[in-house]
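The chain that follows stands alone, in the form predicted alone, written as structure tokens.
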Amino acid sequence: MITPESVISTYFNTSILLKIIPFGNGHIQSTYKVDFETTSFILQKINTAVFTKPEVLISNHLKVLECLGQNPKYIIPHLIKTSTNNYFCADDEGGFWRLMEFVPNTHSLETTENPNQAYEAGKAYGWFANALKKVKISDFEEAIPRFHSLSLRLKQFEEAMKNDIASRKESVKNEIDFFLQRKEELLKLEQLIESGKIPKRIVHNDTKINNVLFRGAKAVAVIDLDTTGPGSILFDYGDALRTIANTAKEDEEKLEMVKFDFNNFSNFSKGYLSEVSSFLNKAEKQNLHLAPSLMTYIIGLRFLTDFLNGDVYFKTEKTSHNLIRSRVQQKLILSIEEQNNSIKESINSYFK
């Protein structure tokens, strides 16, 4: 049986290893913190059911580091080579592993605790987009093709409803109706992206609050580059606000706790737009206010799809976990819709 300890032996002499412990709470990868006496690393087993071409993750990560050059403003963890000079370890059971630097004396957040954290995250993610603004799209391969494609997610959703593998469809009629009622308006936004009016850029594509590391009150690192590649600036802006402006956890069961916090939204936008506004085109600026609804809709739809399919994609801790997650996204969308005019006016004020 392949263990994290056996994988680490392909990198280092394990006689000086102190401990290996599970780390973080990501939905997809299996992550471990590897401690030696004087330093630590992050070891991950790539979920190859999700990332069917795991070598693309390595290639894209290295390209980001190359593009950023020496001493970037924010830390991007470096990949560590094996003793045989590879940036990954493929085990005898078909597993695919990578080892990265651990960023010491930092912490991540699951929810935003104050407006300054929203601003700091905005600056970090805005810097990331700005630093890669001149990179050729063709230099990067999509780790998950059409990852944020609404039409693809709707197709998967419709197939899940049709097949009803887990016999759960009847219990979530209200949730299904919620998403069907909003799809046409958001598909118009996807058409602008597909037509090129909203341009494709190299973006992070997974800008949750917990993918920024803080040291004290300052954001110091951007992590989890698994989905970095071609996409829209709207994806990063909207997906960040989905967590940064959410007053509750992603799986909060008390839905009255869930709302879109305008103060956190404003502070994130201030930080983010200070980094990216100089190179956005007219269509991006005009449609940026729709990005939070789009990205919240997509992930909420994906959670509900996985629930209908019997929880085969996202890690779950209970039978209703994906349904709870989807309901949180629905409540967040309602809160965004209630504040839509104010959100639009606030964004427009940054471009005047």
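The structure presented is a predicted model; accordingly, all values stated were derived computationally and were not measured. All residue numbers are counted from 1 along the displayed sequence.
Heads up, the form predicted in complex with a small molecule isn't pictured, but that's what we're talking about next.
Quiz item: Can we say 197, 277 and 289 each have a non-hydrogen atom within 4.5 Å of the small molecule in the model of the complex?
Solution: Checking in the model of the complex: none of 197, 277 and 289 is within 4.5 Å of the small molecule.
Quiz item: Would residue 45 sit within 4.5 Å of the small molecule in the model of the complex, counting heavy atoms only?
Solution: Result no; residue 45 lies far from the small molecule in the model of the complex.
Quiz item: Would residue 227 count as a contact of the small molecule in the model of the complex, using a 4.5 angstroms cut-off between non-hydrogen atoms?
Solution: Yes, contact at 4.5 Å.
Exercise. Indicate whether residue 302 is a 4.5 Å heavy atom neighbour of the small molecule in the model of the complex.
Key: Contact with the small molecule, yes.
Quiz item: Hey, in the model of the complex, is residue 58 touching the small molecule, heavy atoms inside 4.5 Å?
Solution: Contact with the small molecule, no.
Quiz item: Which listed residue (324, 68, 28, 62) meets the criterion of a heavy atom within 4.5 Å of the small molecule in the model of the complex?
Solution: In short, 28.
Quiz item: Among 220, 144, 152, 248, which has any heavy atom within 4.5 Å of the small molecule in the model of the complex?
Solution: Only one listed residue qualifies here, and that residue is 144.
Quiz prompt | Proximity to the small molecule in the model of the complex (heavy atom, within 4.5 Å), stretch among 204-212, 228-236, 126-134, 100-108 | solution = Partner-contacting stretch among the options: 204-212.
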